[in-house]
Structures are given as C-alpha cells and as structure tokens.
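Taking the form predicted alone, here's one chain by itself in structure tokens.
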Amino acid sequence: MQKVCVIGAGPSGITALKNLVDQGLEAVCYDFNSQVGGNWVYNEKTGHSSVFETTHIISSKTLSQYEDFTFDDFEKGMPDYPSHDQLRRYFQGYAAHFNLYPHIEFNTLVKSCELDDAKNWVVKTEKDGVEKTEIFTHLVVCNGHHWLPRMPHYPGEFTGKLMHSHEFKKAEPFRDQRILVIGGGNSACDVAVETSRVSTKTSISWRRGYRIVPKFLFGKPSDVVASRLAWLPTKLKFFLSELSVKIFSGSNEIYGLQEPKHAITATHPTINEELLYKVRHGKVFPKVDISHFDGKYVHFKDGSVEEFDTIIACTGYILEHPFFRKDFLNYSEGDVPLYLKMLHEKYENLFFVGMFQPLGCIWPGSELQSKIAARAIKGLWKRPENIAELCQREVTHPHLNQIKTPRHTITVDFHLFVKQLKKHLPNNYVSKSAI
C-alpha cells in the first residue's frame, strides 16, 4: 500500500498534501513549526521565518493564489499585496477548508530520510525529544529554500554587529544607529527602507546594478501589467517590461545607484515601491561594493570609508536538505538537474515541490507540481522514458540565462513554467471540493 511522507506544511507542503489526499492516497505531513504557513508565520524570535513586522508579498494577489482555493474563495476584499498575516490566514484557511489538519504532525523535526533495500523511505523524526521511525513508499520534499542564511565574506574584521536579514524582525532595535545594508534584492531594499525610518543613517551597498521595479504601473500591479505580455516571445516580453520600468522610474543614475550591466532577466528583479523615494529624500544612501572591514569602518571599492554600528547582510539563502546525507543528494552548490524542477532522474519515489524561484509567486506552481506528483504516485501520469536527458536539459536550457551564482540555480519564468506544468494535467485539474 502506498504511503506518502510530506516534509513541510508551508504554502507548497499544504498543496502537496491536499492533492495527495485528493487522489485517495495515505499521506502524513511533518512540520517543525506549530502551525500551517511556513515562512509566512511571523515570529519575533529568529529562527524559521524570514518575514518581518511589515512584510507584504511582492507578487500581487492575482498571480499569488491557488486555483483550487483563490483569495476570493477565502475572503473577499484582500488588498493587491497582502501582508504576511493575511497570507498566514489564507494558508491556514486552505488547510482548514480541505480538512488537512488531521494529516499534519506539528512540532516534528525530520532528522533523516534514507532509502532501504526495498527502495522505501525510512524517515526518522523527533518530537518532544522522542524519536520515531516510519516507512513510506514515497517522499515529497517541501521544506522551502528561504531559511538557511548565506553570509558574505570580506577581508578584515567588522567589530560592530554583523547579521543576516533572516534575523531582521522590525526596525525599532536599529533606532539611532548607523546601518549598512548589503544587497540589492527584495529583502535588502525592504530592510533599507524600514531601517531608514528610525536610523541615524542607512546606506545600501550594491556589488552590481539592480533594476528596481515598482509595485504598480499605470495604476495596476506591475506583475499584472507584465502578464499581459506573457504571450510574446521571451526576449520581446522582457524588453518591453524593462522599457516600461525605465519610462516610469528613469535610470538608476539619477538616483546615484549603479546601472545594471546585465539583461533584466539575468537576476531576480527587485520589486520595491519606496527605495527610490527614500534615496531621493536623503533617507537611504547608495554605496558600491565593499572592499574590506577595519573595526567598525567599512572600506568601499570606490575608496570611500564610513563607520557603521550594524551591517545587515541581505545576501540570500542556501538550498539545503539537512535530512539527506550529503553524499546522497546535495543542491547547496551547483546545478539542480530536476525535470519540471521536481523529478530526479534516478529516484522515482522522490518529489520536490516548490523548489524553484519564479519571477513571480511560488505556490501557484507548487499547486500544479503537486497535482502531477499525486497523479504520478496514483499511476495516472507516467514519467518520461528519457527523464535523464530531460533533467540535464533543465540545466542546459533554462528559461532565463542568469548570472552564475548559487542564488540563480532554480529560476523559472513564472508564465512559461505554469504553461509547461499544465501540459501534464487534464483540462479538469482544478478541484475546489472540500475533502
């Protein structure tokens, strides 16, 4: 009899669980937290969640909802960009609507997952200090990829406080401090804006130019505007998107920021409404890349030197699966050759859901991946015979040619990815009925 283990009860884990149960499969979901929502469960303690007090999602609700359970199915009147608490309630509403709670074991750490001689998964968990081992026929991994901080390294020693944005929960502790934020991504710009409200001075250090995309264009969420171009060839689509942003905001140069030298698709776009406003109001000060540290002084590559109290590194996360042996599977560095960003060429009873980084929202894609995974386990969908070739093609033919850094190994074009996944599903794949 088939029995499926799901790791994680975040946005990807709950849709994996829902679709497994939808197919009549026995499934158990383990989560280290005490409630559904994963990264979107805000807590002032540092640890699992990366959201902070004022976090709102950076993709609009229109493109950030499950098809089986839309925002309107949950609650009418959600704003265009819901807050972390509204999202937590949405995910918990999803779990309640589909009666998933009886299948979830909270406060449970998955310590190890190994294949036995019969190719079943031996899953060892720990709850309240008590270890348990269970056997599963299939494993669905949904542990997320925004929880293990990647710290930058520079010559010298900084004797002030050096922290990662994963620890940042609110701006108030940084009142009257001199703050340096490292990075140009979404977290970096959000943190810089927030600390600038209370700090003596906030500076932001970029090692390259980034494109800052406003949350609204022409009165509409910018991703909704961009989605109207989804039918165009990729290069033309992103050229027009970049042109729209440049017409709306102007060039980085007029804000004292570095101009990007790469294509708009070569890195993740930064969605932020306030950074440019704060720069032009003298609240956030642009700096170039760091050369080295000397006590509390930071030397920058343009020769300037400034003293700071705190450095907040917003430098991304490591893709990590601590329950696998490193010699079995390790995606923390290098390429991630998984077909549809979910299927391993060798292990047929292993699925990854939500382990991709779209130029958009993750969980609509997770929902589609989950439906494919559930159908595969049920025997309603068959893996391609040339899956090894297809896995390698994921690496050699990415949707977008991005710069070679560990942060850009799992990027997908949201609209292309959704279209690709839907080809593997029947027309009536949407299933709104409570289980």
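Remember, predicted model here, so these are calculated numbers, not experimental data. Throughout, we count residues from 1 along the sequence that is shown.
Another form exists, predicted together with a small molecule; not displayed. Remarks below refer to it.
- Listed stretches are 195-203, 301-309, 169-177, 357-365; the contact stretch with the small molecule in the model of the complex is 357-365, by a heavy atom cutoff of 4.5 Å.
- Checking I57, L390, A376, L400 for any heavy atom within 4.5 Å of the small molecule in the model of the complex turns up a single hit: I57.
- Only one of L257, C314, L340, C142 comes within 4.5 Å of the small molecule in the model of the complex through a heavy atom, and that residue is C142.
- Interface residue remark: T108 is counted as part of the site for the small molecule in the model of the complex, having a heavy atom within 4.5 Å.
- Although the partner is absent here, A9 lies within 4.5 Å of the small molecule in the model of the complex, judged by heavy atoms.
- Shown alone here, S187 lies within 4.5 Å of the small molecule in the model of the complex, counting heavy atoms only.
- The small molecule is not drawn, but in the model of the complex it has a heavy atom within 4.5 Å of F323.
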